[in-house]
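For reference, the chain that follows is the form predicted on its own, supplied as structure tokens.
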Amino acid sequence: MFGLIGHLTSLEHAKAFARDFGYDTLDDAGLDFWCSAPPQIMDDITVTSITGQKIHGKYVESFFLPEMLAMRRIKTATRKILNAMSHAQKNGIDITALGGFSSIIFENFKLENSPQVRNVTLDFERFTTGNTHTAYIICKQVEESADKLGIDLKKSSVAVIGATGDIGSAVCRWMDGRLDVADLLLVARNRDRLQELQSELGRGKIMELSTALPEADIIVWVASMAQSLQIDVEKLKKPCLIVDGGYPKNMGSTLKHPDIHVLSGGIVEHCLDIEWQIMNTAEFENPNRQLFACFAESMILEFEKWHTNFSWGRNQITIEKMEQIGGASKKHGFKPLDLSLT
């Protein structure tokens, strides 16, 4: 059985979520209430592969809200994720994906050093960040969308914003080793890590965001985007493909130009309807089939009976593992969300 650990995107989303599940009385609940809410299994899921195989899973709501980090309630945030992991393990789930901020919190606050959650010792082999599948899907989205737009990758400059992160570094390896793009523009906050990545790749230009954006034919954004950041579309190349792999996604509503094409990165579509309710609360055009690639990774691992932490540890994603999960993804009927040109 597979599991998905998710979270709500904001306090307002939490209130809407409560209403959807019949808890109208929580409309006035503030952040303190959600800080104390324990994890719960909110959905039973059935997924059917194009091979005919069926698997079953559960969605675990952690009730983490990003406002908890903004308000510096770090202990609350980490407790939320550890409690959700413990809840998944206690319910016999074999492989569970940490969705959205769950994996970021786990890695940034080194939760592997806190395996004991009350009477449960976490078995980290039963959890995956899903980042390998996410990185693979983003790379395939770049490849397929560039072809649609007539952008020649071998002559293109690709800027990776958040290049030193787990997903960002994997995207850079694929862009270099499989797509052989003309130029890689590396953007991240930590210059030492940028230099390490540049040395590993043997190429790449370390740049500031403001100088990289106007030079890029393709922008892969896999870092958190500051709310105050304003991108001047007039300074971007035309055409320009932007794959928004951040979370939550917000570029599509802010960058309006006929030659600027924004695609939600790291999203897959299954070839068959998935039996679940939880994605009705997400902002997908087709919630019966569309989902985050990190979530799909746990489904793929369950289909293949690879009950292991396939994606784990910072900057450990290899091209070979991306190809492995990508092959299994196609085998079971997942495909990257494509670019609509209408």
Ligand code: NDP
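What you see is a predicted model; the values in this text were computed from it and never measured. In this text, residue numbers run from 1 along the sequence as written.
Separately, the form predicted in complex with this ligand exists; it is not shown, and the next lines address it.
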Practice task
Look up in the predicted complex whether Ser114 has a non-hydrogen atom within 4.5 angstroms of this ligand, and give yes or no.
Solution key: no
Exercise for the section: May I ask you to state whether Asn91 is within 4.5 Å of this ligand in the predicted complex, using heavy atom distances? Expected result: no
Exercise for the section: Evaluate Ala223 for contact with this ligand in the predicted complex, applying a 4.5 angstroms cut-off between non-hydrogen atoms, and reply yes or no. Expected result: yes
Handout entry: Partner contact for Lys235 in the predicted complex: this ligand, 4.5 angstroms, heavy atom
Key = no
Handout entry: this ligand in the predicted complex: contacted by all of Gly3, Leu82 and Thr128, heavy atom 4.5 Å
Key = no
Problem - The unique member of Ser156, Thr164, Ser86, Thr78 whose heavy atoms fall within 4.5 Å of this ligand in the predicted complex - result: Thr164
Completion exercise
None of Arg73, His257, Arg203, Arg193 but one has a heavy atom within 4.5 Å of this ligand in the predicted complex; the exception is Arg193
Exercise for the section: Work out which of the listed stretches, 94-102, 147-155, 211-219, 118-126, brings a heavy atom within 4.5 angstroms of this ligand in the predicted complex. Expected result: 94-102
Handout entry: in the predicted complex, residues of 281-311 near this ligand [heavy atom within 4.5 Å]
Key = Phe292, Ala293, Cys294
